[in-house]
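What follows are structure tokens for two forms of the same protein chain, given separately as structure 1 and structure 2.
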Structure 1
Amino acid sequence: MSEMQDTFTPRQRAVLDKALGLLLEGGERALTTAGLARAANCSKESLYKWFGDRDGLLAAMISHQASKVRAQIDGGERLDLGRFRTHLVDFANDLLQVLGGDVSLALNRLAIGQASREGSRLGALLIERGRHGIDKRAGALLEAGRQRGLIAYHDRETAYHTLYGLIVRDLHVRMLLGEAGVRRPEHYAVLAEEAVDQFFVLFGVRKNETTGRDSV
């Protein structure tokens, strides 16, 4: 389970799923405290206690959505090449599934539409509570692979952004624009495998390198 998922109880996650559903069905205007309390069968007092104000609720919704992108590091177990590659493929597949999902696209389109509106916080929240959390966990996974001698890089941020670019390519922009045929969840696993293979070509450690580690 990811770090962000641990911050929410099962009941809170169920409420956040209802909130995301309301946003998807009716847009931002449908996301009211009273409406969410009715849909989730809880009190408005509970909502304020768990999430605070509207920005707090939006932040929690975004964190909950971002937590669906796994970047797992085996606790206490040897991180060998096979396990490391599996974790990277899981990350890539999850990222495509989340970015291409109805909820994330709705959130991003809403944020883009509000970008020029003074006082709008949604774009900043998507970066702070969504993208940054994903980046942090994935960066930790890459660092674990580097420490095990499975990949090599001089700058982790550059390596991570290369991985992200290989996974996402131009797909997210095309999804946001509604291009027909781009959202193919059944194909994401193949794209994830291809992206990780390409990443290892660029950052994998080979036998003839000075590290003396096994070939990637």
Structure 2
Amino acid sequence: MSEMQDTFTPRQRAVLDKALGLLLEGGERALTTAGLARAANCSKESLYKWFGDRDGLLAAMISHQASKVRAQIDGGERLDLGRFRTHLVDFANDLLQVLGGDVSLALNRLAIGQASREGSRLGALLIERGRHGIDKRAGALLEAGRQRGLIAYHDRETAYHTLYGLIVRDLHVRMLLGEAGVRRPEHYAVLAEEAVDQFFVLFGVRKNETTGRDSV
């Protein structure tokens, strides 16, 4: 509820970046308080003073990383079908790029690994700080397309989740599992194009038809 101000000092931000580096290198086990203090040239006492305990440090890492990549919403330029499709493809590319990035994978693995523990809020934090920005951007994009009559849907959430599924498929989980040969950034463009094509088949409005495609 409260607009938590994650105003970390530059020093703290540098430490959090070092922590991210350790996490990327060796996973959660490599992110120890002593190791971080050594890598970041700070004292363990400062770590506990700044972040409370280890869980607080992990939460701070997520907040910090999320604050670095704020999702930008494209301003309202004249939107025709070509631009709309381009924006969707760009969104799909960005989504695959983000989900397949080292930092995103490491943080998601961290949060998922902690999800079993009772009081862990890391998963919720990750969704709140990371996913919601993406959702907003896509939601605004879909809404703009609908208002221009380029697509039609009953429920925006449903349409968005379908788009998400068409883009990501099972890639995210397989990347999280570390399956070899799944991360192919050079194929993201093709996947994005195909996904948007399929999305238009499901939700697109034909120019020479008056009725959009309705499900059920």
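The structure presented is a predicted model; accordingly, all values stated were derived computationally and were not measured. Superpose the two forms; the largest set of C-alphas matching within 1.5 Å is the rigid core. Numbering runs along the sequence of structure 1, starting at 1.
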Q: Just flag whichever of structures 1 and 2 is the form predicted in complex with a further copy of the same chain.
A: 2
Q. Core aligned, does the CA of A189 move at least 2 Å between structure 1 and structure 2?
A. no
Q.
Could you check, with the core superposed, whether the Cα atom of Q198 shifts 2 Å or more between structure 1 and structure 2?
A. no
Q. In Å, how large is the C-alpha displacement of N41 between structure 1 and structure 2 after the rigid core is aligned?
A. 11.6
Q: Superpose on the rigid core and then read off how far the CA of I62 has moved between structure 1 and structure 2, in Å.
A: 4.9
